[in-house]
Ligand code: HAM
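Here we start with a single chain on its own, the form predicted on its own, put down as structure tokens.
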């Protein structure tokens, strides 16, 4: 017998679920447009090579991929490479800085936990062509604008940020001085710190057969460096002329101008697992860190080069729908959304149905959402169903009303009733 359940880790969206999803997506779009970003989209199926250029990342192992007609294809696990491909296709004709956003479905075959599924929707905002941290500040401000818009108060979500260039400067001046190529796999490992703990990360860094191959003492020093949560302490360990430290200090100044600096923390352990990040990286968590990251992102100035294109600075973030829904539910902030019906029109007999259809058609032409009752013509049932749908009023055409050429209108909020001519165009 066929398995009629949705595949594990995926979701069916019934009407009440889709109303919540649409509500959230509307807020994503409103914030992005408020910041001057334009929406784009791309195929959910891409050539697998777009996502496998950096072997060793978890995302490569999590691809839903297949071969068809000698083409190796994959469902997109994230949107950034697709955006990079689109930018590359028109690199010479785009007006910079480029502000694009997306709301897309993504797929990863990964171990599921609370807030983590194998398909999810993600809001991305990406800013291309701006090398300065003004771009990061704008995007982090957009994240807080969204959080406030959906009812989360200041401090309920905090952003933790770091600069991978700072970590790279520090390590390449020290333990990676003779093996700079180990930095990318090192970041993949230390991104697991919150999942597997410091001891396990230390063992992976010191694994003689691994891609990093530090000594046990060096691995312990790296893990200790990740524990720095003060920008001043990080500056003390960095080269004296560190550009990364200067960028971080400037970023905090700009975040203060946006009014969000008090909810942003420096955290040297934030590196993000994707190899293409090159500078500032950030993640947002609920204040109690009871859930996985609400969103994350950073700067990826060399991504276009890995696709064979010109150098172009870029920064972006991805904000999933699953974790934020869990957080809103925990805080009692998920809205109760009605169907969005404005009016219900009902005929109390088949002879009156043509008149009811004409009333419903005029209301719909006026831009209203109208349900034309079909089936049970009992007024009690009609009023009860209309009330549940969130309708503002019910329009009734019975034998008596039809004979007099009128339609009876009841305002559900007050119970007040009135009559209008059947041929009167409603407002």
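Small disclaimer: the values here were computed from a predicted structure and weren't measured. Numbering follows the first chain given and starts at 1.
One more form of this protein exists, namely the form predicted in complex with the ligand; it is left out here, but the text below deals with it.
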Checklist outcome for this item: the ligand in the model of the complex has a heavy atom of only one listed residue within 4.5 Å, and of 233, 218, 301, 78 that residue is 78
Checklist entry - Ok, 115, 279, 313, 185: which has a heavy atom sitting within 4.5 Å of the ligand in the model of the complex? => result 115
Checklist entry - So which stretch, 334-342, 153-161, 130-138, 293-301, is the one near the ligand in the model of the complex (non-hydrogen atoms, 4.5 Å)? => result 293-301
Item to check | the ligand contact at residue 110 in the model of the complex, heavy atom, 4.5 Å | outcome: yes
Next on the checklist: Within 4.5 Å, heavy atoms only: does residue 272 come near the ligand in the model of the complex?
Outcome noted: yes
Next on the checklist: in the model of the complex, does residue 122 come within 4.5 Å of the ligand, counting heavy atoms only?
Outcome noted: yes
Checklist entry - Is residue 98 one of the residues lying within 4.5 Å of the ligand in the model of the complex, judged by heavy atom distances? => result no
Next on the checklist: Pick out the residues of 9-38 whose heavy atoms come within 4.5 Å of the ligand in the model of the complex.
Outcome noted: none
